[in-house]
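Only one chain is shown below, in structure tokens, and it's the form predicted alone.
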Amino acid sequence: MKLEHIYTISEITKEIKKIIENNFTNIWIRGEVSNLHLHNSGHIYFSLKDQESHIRVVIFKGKASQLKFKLQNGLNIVVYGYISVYEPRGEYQVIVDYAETTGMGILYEVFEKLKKNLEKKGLFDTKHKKLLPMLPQKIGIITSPTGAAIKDILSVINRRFANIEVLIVPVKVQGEGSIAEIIHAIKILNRIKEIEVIIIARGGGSIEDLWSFNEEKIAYAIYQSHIPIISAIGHETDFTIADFVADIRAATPSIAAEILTKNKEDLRQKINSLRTFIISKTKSTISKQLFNYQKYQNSTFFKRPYYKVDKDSQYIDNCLNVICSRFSQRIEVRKNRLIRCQEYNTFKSPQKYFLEFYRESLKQKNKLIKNAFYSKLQKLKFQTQLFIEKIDSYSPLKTLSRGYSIAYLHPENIIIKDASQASINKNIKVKLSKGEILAKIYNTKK
């Protein structure tokens, strides 16, 4: 059979590119954003999808800077542009010139609704969060046995503290059957007494890839675990319902391993430092106590142990003698005071004495009040007079009395401040210190 033409990969790709780019220009496409990637170059790469298909999309730096909204996974948008073929991979993609938003996607709506419902029920409350062990001896890990997450976790543990025992429960982390396997794995680890903490981990992905961890059944399984759980799902920007229910959320699987494991070398240095401190402190204490022992060994107390007791007993006897003496003196003073009071009229007629005393006191207070009131009144009169004089000095009548006058337009009764306000044959009224003059303008000078 004769072959008419055999295409190379590059040739057939270029032919397909011509057909697509010539027939799909200036088109509008609607879809939901997923797998969003903001490149360091400023270009934006993502996929647009509906319930059945998805298509790759590129917004180059110049157009990306003109976007009037923030792109995020789950957002429903409409884009305008053309379809092209990326020749190195033989993939077709949409090159976007313009985009506008139409709202969040269905999965994000479901996510937000479930999040609010579980938060209302108290599954995210911090009072339910369990404390992590300081240095766990055995860790349970729930993840895919072939994913990058388990490799990252084991790498960190082996580097930081290889003595920790790890029990891996392999599960599907997405797709059909993944939810049941994850729940079953949590229950299995909760039945093993040696397990002190659990890590649930998987690598990053789109919201669809992570959706198993947004299911209500998973949330309740984590909530009901009596062993503390660390959620390490996706990348740093990915959030799932499991993250909110878990006792601690780690941004990545590697960080989850770092949270649980102490650096062995750091611990060794800390232990050595504490040992040095304890030895130094013990030697110092023994030395101090030995010095005290030698000091007391040569003291009177050590030779005559009852010397201190006898000395304190003597001191107490002296105190008692002083107290008795002072008490007797005070009784004698009170007795003499009582005898003197019996001789005074105060003792014989206390009512009359105290009435006279308070009557005289009231007279003195009444006099003081009157003097204070009079002084305050004089001060107010003086201040009032000063205020009146000050107001009078600003009075226009005072100014008029010095020979000045005020001119008004008549009959408008408007004060003339500028010659431009007056015109020839116009009537004016001139107010003097005493009386007023009506006049007519025959000439003005400006």
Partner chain sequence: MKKIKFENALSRLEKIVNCFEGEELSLEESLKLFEEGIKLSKHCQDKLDEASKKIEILTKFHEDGQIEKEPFKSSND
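Residue numbers count along the first chain shown, from 1. Just so it is clear, the model here is predicted, and its values are computed rather than measured.
Only in words, not in the display: the form predicted in complex with its partner chain, which the text now covers.
Close approach of V85 to its partner chain in the model of the complex, 4.5 Å, heavy atom: Residue-level check for V85: no, no contact with its partner chain.
Interface membership of I157, its partner chain in the model of the complex, 4.5 Å heavy atom rule: Within the cut-off, so yes.
4.5 Å heavy atom contact, P170 to its partner chain in the model of the complex: Judged by the heavy-atom cut-off of 4.5 Å, P170 is in contact with its partner chain in the model of the complex.
Contact label in the model of the complex: K121 to its partner chain, heavy atom within 4.5 Å: The answer is no: K121 has no heavy atom within 4.5 Å of its partner chain.
Position in contact with its partner chain when the complex is considered in the model of the complex, options Q289, Q329, S361, N321, heavy atoms within 4.5 Å: When its partner chain is considered in the model of the complex, the option within 4.5 Å is Q289.
Heavy atom within 4.5 Å of its partner chain in the model of the complex - residue from K116, H184, R337, K365: Filtering the options by heavy-atom distance leaves H184.
Option from 210 to 218, 238 to 246, 77 to 85, 144 to 152 whose residues, in the model of the complex, bring a heavy atom within 4.5 Å of its partner chain: Going by heavy atoms within 4.5 Å, the stretch is 144 to 152.
Residues in 110 to 137 close to its partner chain in the model of the complex, defined by a heavy atom within 4.5 Å, in order: P133, M134, L135, Q137 sit within 4.5 Å of the partner.
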